[in-house]
Ligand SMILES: Cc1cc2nc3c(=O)[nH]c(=O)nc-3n(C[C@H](O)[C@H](O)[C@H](O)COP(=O)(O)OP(=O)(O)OC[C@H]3O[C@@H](n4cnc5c(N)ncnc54)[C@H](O)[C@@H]3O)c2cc1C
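Below you will find one chain, with nothing else, as structure tokens; this is the form predicted on its own, and questions on how it binds or moves follow later.
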Amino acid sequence: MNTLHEPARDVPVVHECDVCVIGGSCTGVFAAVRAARLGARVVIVEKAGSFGGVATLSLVNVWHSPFDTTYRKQIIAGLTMEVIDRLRRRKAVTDRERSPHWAWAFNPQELQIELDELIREAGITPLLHTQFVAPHVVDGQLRAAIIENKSGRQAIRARLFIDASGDGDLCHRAGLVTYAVAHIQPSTTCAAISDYLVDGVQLDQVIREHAAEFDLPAGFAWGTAIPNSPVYMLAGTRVYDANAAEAEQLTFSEMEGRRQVRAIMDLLRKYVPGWRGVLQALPARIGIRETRHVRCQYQLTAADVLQGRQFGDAIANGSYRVDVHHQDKPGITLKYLDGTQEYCCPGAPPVRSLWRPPEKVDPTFYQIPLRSIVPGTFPNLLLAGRMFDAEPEAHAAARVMVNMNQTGEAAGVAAWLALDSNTPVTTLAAARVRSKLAAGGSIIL
């Protein structure tokens, strides 16, 4: 590979703070808000023009159940519930009870604005359209984050950093151990379409029947209406064999996802007489399920999730099933905590079986431990979000947004506690984090 020499230069420090959060998804915003509400001076860096990540920029406008699998015990609260309540006051939420698919559909545009309000109310310094470039490490200590935006190359000096970039960019560039699994779950480009539904016509079936003609991969077309709107969010694309943490593969994914959206539109115009659907919006970025993971103090295992293991340092609870979107074959495999599983192939009935023998008592939720978001290399670095340390099947369940939101809240609280007590995050007492999370509205079990 050819190289060139970039001369050394001084970089102005534009902000000095207690906590710097890299990444402005809901996970990142919730980390920033929890730290700021406890008194920390927080700067949050987001490369796009708004906050919310997959929930807003990728148009994935559904969050999963805050209850256990029996729907009798609430296991999730905190900022997830606070935001839903705030959106509900604006008639921007549709509720669905006792569904394993989703509990709330929301208006992603309203959510963008609501997250802005949370940032303002908490006194956080936001930097949008700002790219994290590199960590600044001195004598083995993480001291600053190098950024670039319209004002040029700058630096943020902080006492503690939270990597909520989704791809583990800060951790990866700081030299921490990262890894990618053999079969990365494929990404999906959603689309906002008006007048999508047609009475008496199963559009997902039409798409499956004619997919090959339009070079569409075998997959599922699902979605939901934007609350109080004629616009429908459609998730009908699938981009295989691409790691979106790599620049060229991310570029391919974005363009291929948009090509598939257009193909779906052309297909429906051709094969659904009188169809009047109009493409209203495309996502600012593709919906990414998985890229790289960061090695942490503990790797969450499939057995931990499927057997509902309880952790003394648990900071998040979840009940969403194991949901494996395959790279090597069409369809998805769903595994449930009650020991049942389904292989769902597009156009065919689900194949149901057992992944374990029946038991007298089934677990009804699983947990994510604090150790799975603590890399352990730097005393002032935490992570939050889908790059947490997990085996593939564990990640396939725990990766959904209501679970990752909780890792953000935990990282924000842990950051403040570490700074307040002058304790490395690597040795911070989990009991203190759990207590402070509960005091702030989280459900700690």
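Predicted model, so just to flag it, every value in this text is computed and none were measured. Sequential numbering from 1, following the sequence displayed.
This next part talks about the form predicted together with the named molecule, which is not shown.
S.K.: Based on heavy atom distances of 4.5 Å or less, which listed stretch (373-381, 66-74, 22-30, 409-417) is in contact with the named molecule in the predicted complex?
M.R.: Within 4.5 Å of the partner lies stretch 22-30.
S.K.: Could you spot which one of 131, 112, 243, 310 gets a heavy atom to within 4.5 Å of the named molecule in the predicted complex?
M.R.: The residue in contact is 131.
S.K.: Is the named molecule in the predicted complex close enough to 78, 317 and 441 that every residue in that trio has a heavy atom within 4.5 angstroms of it?
M.R.: No, the whole trio is out of contact, none within 4.5 Å by any heavy atom.
S.K.: In the predicted complex, does residue 287 have a heavy atom within 4.5 Å of the named molecule?
M.R.: Contact check for residue 287: yes, within 4.5 Å of the named molecule in the predicted complex.
S.K.: Consider residue 169 of the chain shown here, and say whether it contacts the named molecule in the predicted complex, taking contact as heavy atoms within 4.5 Å.
M.R.: Although the named molecule is absent here, residue 169 would touch it in the predicted complex, with heavy atoms inside 4.5 Å.
S.K.: Quick one: is residue 389 in contact with the named molecule in the predicted complex, heavy atoms, 4.5 Å cut-off?
M.R.: Heavy-atom contact with the named molecule at 4.5 Å: absent for residue 389.
S.K.: Since only the chain is shown here, I'm wondering whether residue 214 would be in contact with the named molecule in the predicted complex (any heavy atom pair within 4.5 Å).
M.R.: Heavy-atom contact with the named molecule at 4.5 Å: absent for residue 214.
S.K.: Check each residue of 373-403 against the named molecule in the predicted complex and list those with a heavy atom within 4.5 Å, in sequence order.
M.R.: Those in contact are 385, 386, 399, 400, 401, 402.
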